[in-house]
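Next comes just one chain, in structure tokens: the form predicted on its own.
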């Protein structure tokens, strides 16, 4: 069965005459739980909920493992850090990965005795830092610079060194890239973004193949309460059913936008793995099925970037990415990344490509 068919069909309820095709959310804190709780599938909503179960089944099928959903992408990241790392352990991270993940490790875990080592994503530079490491964290494409690393190669090297591997797979989603199939122990994502795609949910997940790791993550979620509300879980399941359509359209648009930007004199650089000029293009083509909706590019300075964003009529200025509407921001305004003041991270949406290119043309002319 093809991916699109499997994803869409996985969101349907079991066939029962007279029942709705899509089950509604289950709103409950306690459940009826007489007798031995070991024999009861649902007892208390901090531990489990049938609406989560359906969502996790859908995501797990996509990932090729077992999935647990969390209240946000950062809650999912925290679950991996919290279950794996102990005082004295070493964690290896990309120096240009998602800033908040780096900040979490730096501001909290290092103060509890974790050693943090960093190296850029490109060219697999983290491999040199693996001796003695407990966890290797990867993000490919990196956010916001769109650098690529070889997941399978780094997983093999990390496992040889005795380290576990987690991959932040937010940008491609499991429809675009399968970290577990490439050897990773954890596939982590903020489903706030392309996975649910409507810019109206906070959600994250972790997928694993190892049942012991799954049990540890499940216990972490129950003890910390980093849980998803049933309405959010239901909306996520509904949204994921359109992921094949949304991702194909957004990534196709992103490819054309990247090629267009690369041809414009006002644009100093374009960072998109779908471009043949991208240094990681060949590797990305081998390990990704879609190159993702995020296109980063540089204009000459802060003023040009701000003018571009204010002149663009079909580019909404907002943070985050992966929604059906095109958004962008001057990323350096947040700090934390080694990028220029004219660096723009754009999340290309599902609008008609002709309209987008016309709008980008006039916005670039305004930014000259």
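Numbering follows the first chain given and starts at 1. Since the structure is predicted, the reported quantities are computational estimates derived from the model, not experimental observations.
A second form of this protein, the form predicted in complex with a small molecule, is not displayed here; the remarks below concern that form.
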Does the small molecule get within 4.5 angstroms of any non-hydrogen atom of residue 193 in the predicted bound form?
-> yes
Report yes if any heavy atom of residue 228 sits within 4.5 Å of a heavy atom of the small molecule in the predicted bound form; otherwise report no.
-> no
Consider residue 72 of the chain shown here, and say whether it contacts the small molecule in the predicted bound form, taking contact as heavy atoms within 4.5 Å.
-> yes
Are any of the heavy atoms in residue 98 no more than 4.5 Å from a heavy atom of the small molecule in the predicted bound form?
-> yes
Checking 163, 92, 146, 203 against the small molecule in the predicted bound form, the residue with a non-hydrogen atom inside 4.5 angstroms turns out to be 203
What is the one choice in 151, 207, 136, 77 with a heavy atom within 4.5 Å of the small molecule in the predicted bound form?
-> 77
Can you check 258-266, 215-223, 165-173, 113-121 and let me know which stretch has heavy atoms within 4.5 Å of the small molecule in the predicted bound form?
-> 165-173
